[in-house]
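As structure tokens, one chain now follows by itself in the form predicted on its own.
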């Protein structure tokens, strides 16, 4: 095992793997990126329900379900206010900025994410498909048809915040028991089937249906570049170039190699 500038690799040299990844990107007709929690963790995303967290006394279903919102909307919205404030303080790390550099080089870069924090958009990625929804807006729990409301500090002048119709609002994230947004999911699968290169970053490959996307891409003949600190079920599949390391360290080196050619 080789360790260089915080990146770990197997028998191949660090430079050779970076160059191979860059070459795959330059030669790609349609490249797609898929990101998981490991991508945003580097920016300092907080774990609110950890051992030292105030929220550890509550079940996840109490804080992130339609049942929880209906039962105790004030509690749920206090939780989401903390999450939103924490996310607003986060800044995209070097890996996000590297993806933007690659986007500017290749022109089109659809990005599928399981994250709800909006860091990809904050960094400048133009085409983001959010499989688990977004913390940036909220909608009427009663479904009155009013437009989504931006999740800014103003929304918390009343807890729980309410729609113009008087109903409680709900955050536009996928809650326990809900299906993923149909149109986003369909587009993600279409991209997996049609791309010739997928870059998979910071995902454990155990959360479905997102974990199926690179497998579908490989099945359709695409190559996959995996960037992760640990080996996953994807790492040893034929067609996968697996790089060990954080996105904040690996992606800037790949972007530099892409842009230098």
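Numbering follows the first chain given and starts at 1. Basically, rigid core = biggest C-alpha set you can superpose within 1.5 Å across the two forms. A quick note: this is a predicted structure, and the numbers were derived from the prediction, not measured.
This next part talks about the form predicted in complex with a small molecule, which is not shown.
Answer with one of 182, 178, 104, 154: the residue that has a non-hydrogen atom within 4.5 Å of the small molecule in the predicted complex.
After the contact test, the surviving option is 178.
Does residue 230 reach the small molecule in the predicted complex if we count a contact as any heavy atom within 4.5 Å?
Yes, contact at 4.5 Å.
Heavy atom of residue 41 within 4.5 Å of the small molecule in the predicted complex:
Judged by the heavy-atom cut-off of 4.5 Å, residue 41 is in contact with the small molecule in the predicted complex.
Would residue 68 show up as a contact with the small molecule in the predicted complex if we use heavy atoms at 4.5 Å?
No, residue 68 sits far enough from the small molecule in the predicted complex that none of its heavy atoms falls within 4.5 Å.
Within a 4.5 Å heavy atom cut-off, is residue 83 in contact with the small molecule in the predicted complex?
Flag for residue 83 set to yes.
Fitting the rigid core first, would the Cα of residue 66 be found 2 Å or more away between this form and the one not shown?
Yes; that C-alpha moves by at least 2 Å between this form and the one not shown.
Relative to the superposed rigid core, does the CA atom of residue 110 travel 2 Å or more between this form and the one not shown?
Residue 110: C-alpha displaced by less than 2 Å between this form and the one not shown.
Would you tell me if residue 131 moves between this form and the one not shown by 2 Å or more at its C-alpha, with the rigid core held superposed?
Where the cores coincide, residue 131 shows only a C-alpha shift between this form and the one not shown that is less than 2 Å.
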